[in-house]
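Take a look at this single chain, the form predicted on its own, given in structure tokens.
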Amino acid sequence: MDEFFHINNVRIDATFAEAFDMKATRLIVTANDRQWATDAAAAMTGFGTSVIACGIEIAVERELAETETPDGRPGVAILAFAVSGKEMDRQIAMRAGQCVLTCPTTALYAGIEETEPKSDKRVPIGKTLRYFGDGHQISKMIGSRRYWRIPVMDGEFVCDHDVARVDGIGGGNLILIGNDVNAVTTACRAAVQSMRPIEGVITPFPGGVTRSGSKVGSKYATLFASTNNAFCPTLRTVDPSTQLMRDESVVMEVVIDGLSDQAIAHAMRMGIHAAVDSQTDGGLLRITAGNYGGKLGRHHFHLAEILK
């Protein structure tokens, strides 16, 4: 890397994050109080960090006020991303059934605004869950939306028949590099916190951050992803592919999925500024991004361009 610039004495590489097309949708969980809505959302989004092994990348987008939900109760917006429509259908049905239907007082609604004419790309919700009612379920049409009322032990579980599936983007990223784990942690947390108010993006890893960034492929035939050795500090002196310099000993990555290029670029811009402005006492040395030379995905987020 021979092109770079600096912000607040942190080097910003003139490189790009490479992202790829995914299938996406938004769901809205509501409940009688904020705690139940949050509990259901936490359960539904668990084990949803990466499509590498989870089948889906899913996380809370933001909390919703009573005035923002279909039934006037506290709510949570959830964004989900998958590599195929079939896997999206499977994951949403399982998670809605086991994590939202089971949670007292909850309801589950479509969170993607409908188009006219109505999109035929749909993710089933009540279409699948209704059978739990064992014949006692009731459907109701309000306008162009079909809802299901499924009898449960605290009353009824209400949900949309289905939700629109839209195009999404996975794999936006920032790689933060430093010489102190606390400094890089602080910078990553500042970056993620700055992204949370942005509509249309999620950072699906724990706390929005991963320390096990991966590359495509492996020496083991059964694995299609393995450790990103170019950014592993312990391999810096023995691996010729290393991209780390002598004083760089800690690397963490913020992965960003979004509903549009603009949303991801905005999140990355906010994240970079928040990271370089955070109190790291000089421990944050460099911000770069992961890519595969443009061979993996068609969405390229050049750091220099998004900061203009």
Partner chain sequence: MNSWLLELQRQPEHDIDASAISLLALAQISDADQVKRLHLQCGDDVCAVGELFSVSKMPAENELQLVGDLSRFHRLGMQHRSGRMTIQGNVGNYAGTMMSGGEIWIAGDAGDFLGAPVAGFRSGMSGGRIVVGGSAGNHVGHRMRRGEIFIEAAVKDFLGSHQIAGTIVVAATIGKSAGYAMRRGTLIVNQPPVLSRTRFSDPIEAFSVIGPLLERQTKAWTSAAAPPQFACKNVIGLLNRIAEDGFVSIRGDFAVGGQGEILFPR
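Positions refer to the first chain, counted from 1. What you are looking at is a predicted structure, and each value in this text was computed from that prediction instead of being measured.
In what follows, reference is made to the form predicted in complex with its partner chain, a form of this protein that is not presented.
**Q** Please tell me whether any heavy atom belonging to residue 187 falls inside 4.5 Å of a heavy atom of its partner chain, as the geometry stands in the predicted complex.
**A** Contact check for residue 187: no, nothing within 4.5 Å of its partner chain in the predicted complex.
**Q** Since only the chain is shown here, I'm wondering whether residue 146 would be in contact with its partner chain in the predicted complex (any heavy atom pair within 4.5 Å).
**A** Yes.
**Q** Can any non-hydrogen atom of residue 230 be found within 4.5 angstroms of its partner chain in the predicted complex?
**A** Answer no; every heavy atom of residue 230 is more than 4.5 Å from its partner chain in the predicted complex.
**Q** Does any part of residue 260 reach within 4.5 Å of its partner chain in the predicted complex? Heavy atoms only, please.
**A** Close contact is absent here: in the predicted complex, residue 260 is far from its partner chain, nothing within 4.5 Å, heavy atoms only.
**Q** Sort through 120, 113, 167, 71 and report the residue having a heavy atom within 4.5 Å of its partner chain in the predicted complex.
**A** It is 71 that has a heavy atom within 4.5 Å of the partner.
**Q** Which residue, 102, 179, 214, 105, is the contact with its partner chain in the predicted complex, using a 4.5 Å heavy atom cutoff?
**A** By the 4.5 Å heavy-atom cutoff, the listed residue in contact is 105.
**Q** Three residues, 206, 291 and 307; all within 4.5 Å of its partner chain in the predicted complex via heavy atoms?
**A** Spot residues vs its partner chain: no contact at all.
**Q** Report the stretch among 59-67, 37-45, 243-251, 276-284 that approaches its partner chain in the predicted complex to within 4.5 Å, counting heavy atoms only.
**A** Of the stretches listed, the one contacting the partner is 59-67.
**Q** For the stretch 120-146, return the residues whose heavy atoms include at least one within 4.5 Å of its partner chain in the predicted complex, in the order they occur.
**A** Sequence-ordered list: 135, 136, 137, 138, 140, 141, 142, 143, 145, 146.
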